[in-house]
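We begin with a single chain expressed as structure tokens, specifically the form predicted alone.
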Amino acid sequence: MSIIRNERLADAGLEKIKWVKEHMPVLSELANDFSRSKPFSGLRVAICLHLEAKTAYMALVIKEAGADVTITGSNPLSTQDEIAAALVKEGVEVFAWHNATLQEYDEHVYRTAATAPHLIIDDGGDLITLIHKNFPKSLAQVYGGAEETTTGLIRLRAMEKNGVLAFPVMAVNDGLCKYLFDNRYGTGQSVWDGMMRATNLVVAGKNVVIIGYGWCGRGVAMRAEGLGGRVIVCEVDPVKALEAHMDGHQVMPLTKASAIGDIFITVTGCNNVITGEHFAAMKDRAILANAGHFDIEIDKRTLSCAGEGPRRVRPNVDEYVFPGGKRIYLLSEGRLVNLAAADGHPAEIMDMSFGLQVLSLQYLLKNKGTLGNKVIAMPHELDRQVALLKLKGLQLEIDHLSIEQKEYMESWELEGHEA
């Protein structure tokens, strides 16, 4: 039986799902196909993702494909109670509610894992690791999983390296139609959506410190620059640091950037990125936000000890007052600011990521028993399929190689010019 906050919110949630459906042509095309073929008939699918409207639509597509679907949230602050209620009304089992305590969150994930799924969609690796630790007898029947995030893949590759990963996992996060769009354009837009909703402050003219210059960091920096911010990038990877420099951003260590930054955004997937020495150097009214998966990038414990607080001064804005009166503001309790303080990535962007998720489940099913217990690179044909479906939905046409051109591109013997 589902565990949600308020089933009476279902109609409001269904309206939200209806809205995103109109902007997710890839999933809608797959839904049309799967409603006839029912590829997941008789299978149990467990999902641990940010529980909002776009995720809900994907869950309903998988249910339409014949699966028994159970879902939980991957972040206590990103779960929307009206969406949870809507899914229950549509026949999906849900264990989640907004602002769950850590104990409640763990129970929700545990109950989802306890359904003994055949296929899994995960965000951060919480569900997959829990099944390995607490339900070892269920592992043999799992055909495979699909992981949405960089953080999750780090954990799963460590499991593979240590020889404990018990089934194949698709690296959805590494798919071209995921990181080129979701990580860059999705994170880039939604982080600033959350930032501006939470603070109602201008970005133009401020020093914006982006910590981490992967695809998500690139997107956040790009949009900060477009809003008029002066971007400073902090990196540990020399290649990414050089790329940030060539993209026109200042590059410096965080210890130096701490003294001049107005807004700090962590996008690393690592822990204790902003710590006590950085808090001490920051100026009055510095704003801290996290766009990494877990709330571990900003050292909240040290922040609490060093300053008086937290005191909630606005929704999703906590104030810490240091000796001498300096104030530092932490957004969304250090959790994902784009989902805790806003609605996450745009529907058009998540359409591609969730299209890859659904196709990954189908790929795992078709290839069960042959992939090995490892993290699987995203097959190019799945990226291509999603891209073609997206172009169709956008009513965009592209060119195609002629037979002669294909032969030229595939041969090493053809000369580059005529005699």
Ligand code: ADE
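Nothing here was measured: the structure is a model prediction, and the numbers come from that model. Residue numbers run from 1 along the displayed sequence.
There is also a form predicted together with the ligand; it is not shown, and the following applies to it.
**Q** Taking 55, 148 and 344 as a possible spot, do all three reach the ligand in the predicted complex with a heavy atom inside 4.5 Å?
**A** Verified in the predicted complex; spot residues all in contact, yes.
**Q** Can you pick the stretch from 65-73, 389-397, 365-373, 348-356 whose heavy atoms fall within 4.5 Å of the ligand in the predicted complex?
**A** Looking at the other structure, the answer is 348-356.
**Q** Note which of 123, 82, 297, 235 lies within 4.5 Å of the ligand in the predicted complex, where distance is taken over heavy atoms; exactly one does.
**A** The option sitting close enough to the partner is 123.
**Q** Could you tell me which one of 131, 170, 339, 282 places a heavy atom within 4.5 Å of the ligand in the predicted complex?
**A** Going through each option in turn, the one that passes is 339.
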